[in-house]
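Quick heads-up: the structure tokens below are two forms of one chain, split into structure 1 and structure 2.
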Structure 1
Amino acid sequence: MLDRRLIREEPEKVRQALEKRGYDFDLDALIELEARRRELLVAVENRRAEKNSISEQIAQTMREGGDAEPLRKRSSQIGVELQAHEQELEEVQSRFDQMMLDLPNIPLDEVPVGTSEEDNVVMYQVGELRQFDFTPRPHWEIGQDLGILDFEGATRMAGARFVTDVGAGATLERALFNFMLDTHTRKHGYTEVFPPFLGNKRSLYGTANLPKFEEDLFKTTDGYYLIPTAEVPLTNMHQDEILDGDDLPLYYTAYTACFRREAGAAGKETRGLIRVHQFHKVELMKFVKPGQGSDELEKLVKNAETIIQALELPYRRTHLCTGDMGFQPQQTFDLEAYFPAMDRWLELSSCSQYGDFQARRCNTRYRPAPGAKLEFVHTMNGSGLACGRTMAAILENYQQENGTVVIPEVLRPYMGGMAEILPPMP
């Protein structure tokens, strides 16, 4: 959510942001609602002031033993007028609030302007693409042949777009998130968190998954939502709190399952581990002071890159353009690994900063100095990394001609020393 003041004082800034994003939004209607809201607010408050003053007079009259009846009548009359104004105010206010929730964040100046994925800027590429002397096979084939990915079983258990890791596959995924968590906690200074995988409505509003993206979420019959990312619980950890400025920045990391309906993604990348309803991810999240945003995001991206580098996967970093960026961020960097069988770069990590956009919704503030006014903290987060896709990248990049998969060296200690995944015994 943006600051209301921006709507009133710098509407052009907001308008430019919407244009850069190619975002369809009736800003003029919002500006008008804001003006009307303030008009009504003044009317309501004036009548309330009058009423309060009469109530005080009644109290005094009664203390002195006088007749307060005429004053009571007068107060009731004002009450009737007041109610009419209040009703309209409530209506205008609620329409205004609704629109504010649908207004996206303002991209930073350095974000490349563009309309689609095509306009994202590749910043750099790390690692050599492996030269295959055979035709590389897609990860789902490799996984199924090795008996470590069971798509059919998952479909029977749950449905389409689910997967079950089996044997070395399950161990590999576990090895991945353990390696990631260990690295981020021990080397990068993050505090490990193991949060609920369900969130309430308020929390999903906090990260701005609601109200706009409800169709992407799974919801339980008693009103909980399955988290689409650990960003939701982590960002809401300090909801309604006033943080100590000396404690900032705060670094958190969490491993969670992530649940996404993927509504509207029908037909796209339906095969394999790339787009499933439940996947697993280690998330990095920071609460920082205003002004620390870009530097801290840069460090966060590097922390995520460390993992890909350690796994020796070829990857590149992209700067998302205004048109491809999500609703919430001011700026996003993606880390994409190369998938040789698909001959595509697919994101293993997406790292974004939000300014106070989410903190405003979560009401997470801090006091910059003793006696100073409270300010919203700034938030950011990124995957460090998505486990399923990372596993897929490993399968494709580390596959051997005979169908086995070599395990990246850093993961071997996490897999009881296993160096290669072999096919099941006939």
Structure 2
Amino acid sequence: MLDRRLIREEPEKVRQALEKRGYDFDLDALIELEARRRELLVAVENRRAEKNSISEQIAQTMREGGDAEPLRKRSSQIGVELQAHEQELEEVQSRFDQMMLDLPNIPLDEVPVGTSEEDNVVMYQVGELRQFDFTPRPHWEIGQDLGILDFEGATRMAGARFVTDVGAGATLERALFNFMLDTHTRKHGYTEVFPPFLGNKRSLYGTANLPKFEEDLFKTTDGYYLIPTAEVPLTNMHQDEILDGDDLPLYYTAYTACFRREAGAAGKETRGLIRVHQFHKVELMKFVKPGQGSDELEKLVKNAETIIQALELPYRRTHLCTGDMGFQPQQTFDLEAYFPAMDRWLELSSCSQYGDFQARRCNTRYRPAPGAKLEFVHTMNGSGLACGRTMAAILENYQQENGTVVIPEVLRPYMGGMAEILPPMP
């Protein structure tokens, strides 16, 4: 969440940020609540101090044999006023806290202003688009014909928008996340984590998935949530902790399954591996000092790009505009691969920095130096990469006219030397 001082001291900065995002939010109501909250805090403190003072006066009067009844009546009256102020403060604080949770992050000045994905800025493109001498087929057809993607079976065992990897399909996806983890841990300096795939409500609030995106989450009957991304456990690894400034930045990477209802995605890429309820992803996560954000985010994006480059997939980097950027980030860069059969650029990685927006929710702080005042860390994360989408991009870009799919060379050691996925034997 935002620093409440911004509401009090720089309301126009917040208002301009909301306008850039095109976000409907009653900032004036929040400003009024903050003003009333502070008034009530002063009133409560004054009433408590006055009540304590009168208690001392009562004791002194009784020691001196005087009449303390008027003081007792005044103390009782103050007690009633204090109770009323405390009750109103609790109500105002609750409403204020709820509105603060609904307030999005403030975009950095360099984020392009726009209203939709049409206003995103393509920064550069890497790799030539393959020129096919046959009509390329979509990845779901390729996967079904090769017997490596089973959509019908997954629908029977779970429901729509699930998929089962079979044989070389399962091996290919496993090869992808093992290659990604090896690259990020051995070459990029990340510490591997294998976290729980369930999160509690506090953790989902910490990453700002709650309360705004609850409809996109799967919830268990005992109150746990299936994680929508490894961002949730990784961001909460240092929940309520005070980190040593000398240890920052911290780099983490994790492979997890991810679960999303995709409630707001009706009609968008509903076929194939693009929008499914369960998918697998390797996440990159950093805890950094204030002032390190942009440099560290650039490194993180480059780390994700390394994977796409090694797979020799054509891709582009896009700077998301204020209207297309998520609720939580200050800034987001997407890495999009080209899908020839779909004739579309689709995201394989989304890399964002959040400033202290998530750290405030998670209460993750650090001490810059011995004896120094505590500060909130800054967080960032990105996909390094989404495995299912990356597999889909490989199937479409490496398909052959005879129905086979060539395995990218970098993945072959992870697939027992397999160079090509062949159709099943008749």
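If you're wondering where the values come from, they're calculated on a predicted model, not measured in any experiment. The term rigid core refers to the most C-alpha atoms you can superpose between the two forms while keeping them within 1.5 Å. Numbers given to residues start at 1 and step along the sequence of structure 1.
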Pair member that is the form predicted in complex with the RNA: 1
Pivot point of the rigid parts between structures 1 and 2 (hinge, one of A84, R186, V121, L346): A84
Turn angle in ° for the smaller rigid piece between structures 1 and 2: 24
Core-aligned CA shift between structures 1 and 2 for A49 (Å): 2.4
Inter-form CA displacement between structures 1 and 2 at A68 - rigid core frame, Å: 9.8
